[in-house]
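This document starts with one chain, in the form predicted on its own, laid out as structure tokens.
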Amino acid sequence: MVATTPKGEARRVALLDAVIRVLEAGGPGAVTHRSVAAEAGVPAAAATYYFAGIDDLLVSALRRVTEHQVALFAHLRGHSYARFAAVLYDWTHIERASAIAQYELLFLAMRRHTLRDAADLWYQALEEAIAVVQPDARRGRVIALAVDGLILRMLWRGDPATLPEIEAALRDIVGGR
């Protein structure tokens, strides 16, 4: 990573935010230095200055959205189904671009080894958040898989669409606790 001034760091963050919007609109194939710079409203040279290659840009964007989601999951510890439902609703409806970018990059991590470590952080955070309500590790992994599927359905179909519906789905997944 290039050492930056506050102005440079702001430009770097603007580029990462632009990657998220480009991913939402066109998927990983749409991410180029030029498209990201244009979306960020900065010169194309800025993207190549801060990010040596496309993988560097994608890994940095994945880390950014993953760090945000890890922080959200960390705040779930000891909270209710209603709080978990609210986090999932916010992420899939209000911060939809971030959620879509996250999944685009998770899918891309299946083919690009450079993305795998950052992708693993997301799944670890989800499993740790679930461990609070389900201490059995095996059952926790199954619940995490189901929650992952729930998130994908919410992004794909918008269903469940309300907080009570999401909370009910979470209760069904965990087993009615």
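Position 1 is the first residue in the sequence shown; the rest follow in order. What you are looking at is a predicted structure, and each value in this text was computed from that prediction instead of being measured. So that the term is clear: the rigid core is the largest set of C-alpha atoms that superpose within 1.5 Å between two forms.
There is also a form predicted together with another copy of the chain; it is not shown, and the following applies to it.
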*Give a yes or no on whether every one of R34, H68 and L72 sits within 4.5 angstroms of another copy of the chain in the model of the complex by heavy atom.*
no
*Though only this chain appears here, would D120 touch another copy of the chain in the model of the complex if you measure heavy atom gaps against 4.5 Å?*
yes
_Can you tell me if L163 lies within 4.5 angstroms of another copy of the chain in the model of the complex, counting non-hydrogen atoms only?_
no
*Though only this chain appears here, would L145 touch another copy of the chain in the model of the complex if you measure heavy atom gaps against 4.5 Å?*
yes
*Does A52 reach another copy of the chain in the model of the complex if we count a contact as any heavy atom within 4.5 Å?*
no
*Let me know which residues along 121-160 have a heavy atom within 4.5 Å of another copy of the chain in the model of the complex, or say none if there are none.*
Y123, R138, R139, V142, L145, A146, D148, G149, L150, L152, R153, L155, W156, R157
*Core-aligned C-alpha movement of A109 between this form and the one not shown, 2 Å or more*: no
*Taking the rigid core as reference, does the Cα of A25 move 2 Å or more between this form and the one not shown?*
yes
